[in-house]
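This document opens with one chain alone, in structure tokens, the form predicted alone.
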Amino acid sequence: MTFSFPPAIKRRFWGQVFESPVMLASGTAGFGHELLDLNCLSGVGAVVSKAVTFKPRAGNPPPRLFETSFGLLNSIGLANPGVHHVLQHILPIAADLPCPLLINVAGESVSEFADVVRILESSSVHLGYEINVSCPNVAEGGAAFGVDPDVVFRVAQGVSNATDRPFSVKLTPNGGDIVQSAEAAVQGGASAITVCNTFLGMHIDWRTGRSVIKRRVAGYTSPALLPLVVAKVWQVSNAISVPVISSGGVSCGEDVLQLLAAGADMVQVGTRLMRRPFAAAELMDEMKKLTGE
């Protein structure tokens, strides 16, 4: 892969020109129209929706969020109303977004990802998909799809057969070889790779010996994870020929530029939105001052 330094803020991705490299990460911005109603989409290049599954999911029992000293633990459990409700009631509203929408797709079996995509294909609202292979493969024992390159290949191949739209495969950092999984996703037809989903984390109340999260272990997001994400983005981007979307660790404009320099084509921001709903606009202002663009 060829890199330019300093990295440009304006990006070409999936055949389109994006004035901003900032994408809103799945699970942090709903389907975009929630933030549109609050005028919070300035500086946003694209929105990635919350996860959509075939059947409605209530999600994990609370407590499922906990703020640590340096980040956030979350165990939402893919709560969503199901693909049919999303198609009929949510996507029509999202048609007014001023930026492209990618739909994050999750499944409990290899075939379910493609099943969800086929249903969503009747909508013209979204640009493409982000396929979340970090969720557990219920049909084969519960391990995350993304830890097994063969399974990643099968998921990507199924989705590729179900759509002509571009899609990214969102990989897990928790087990397996992320480079091998990325290569398998590309072989299966992925148009991009998202690096990466949350790291496993836990907080125990020493007074009781109990985890503060009902499901005990949760996903951890934090600015402190930036060096880990930078390393994985660099490793993956140097091993594959399709674009890389980074996800995790961003707290300022310089972080975005560092991830672009590591090989990311676009950069997702998530947890920061909970503190700063206007984070994308702020990140853009910071990047423009740093680069002179």
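Bear in mind that the values here come from a model prediction, so they are computed numbers and not experimental data. From 1 onward, residues are counted along the sequence shown.
There is also a form predicted in complex with another copy of the chain; it is not shown, and the following applies to it.
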Another copy of the chain in the predicted bound form has a heavy atom of only one listed residue within 4.5 Å, and of Gly189, Gly201, Pro100, Pro166 that residue is Gly201
Among 91 to 99, 168 to 176, 119 to 127, 155 to 163, the stretch whose residues bring a heavy atom within 4.5 Å of another copy of the chain in the predicted bound form is 168 to 176
Please run the contact check for Pro149 against another copy of the chain in the predicted bound form: heavy atoms, 4.5 angstroms, yes or no? no
Heavy atom of Thr53 within 4.5 Å of another copy of the chain in the predicted bound form: no
Just checking whether Ala239 would be counted as a contact of another copy of the chain in the predicted bound form - the rule being heavy atoms within 4.5 angstroms.
no
_Is Gly82 near another copy of the chain? Define near as a heavy atom within 4.5 Å, in the predicted bound form._
no
When another copy of the chain is considered in the predicted bound form, the residues of 29 to 66 having a heavy atom within 4.5 Å of it are none
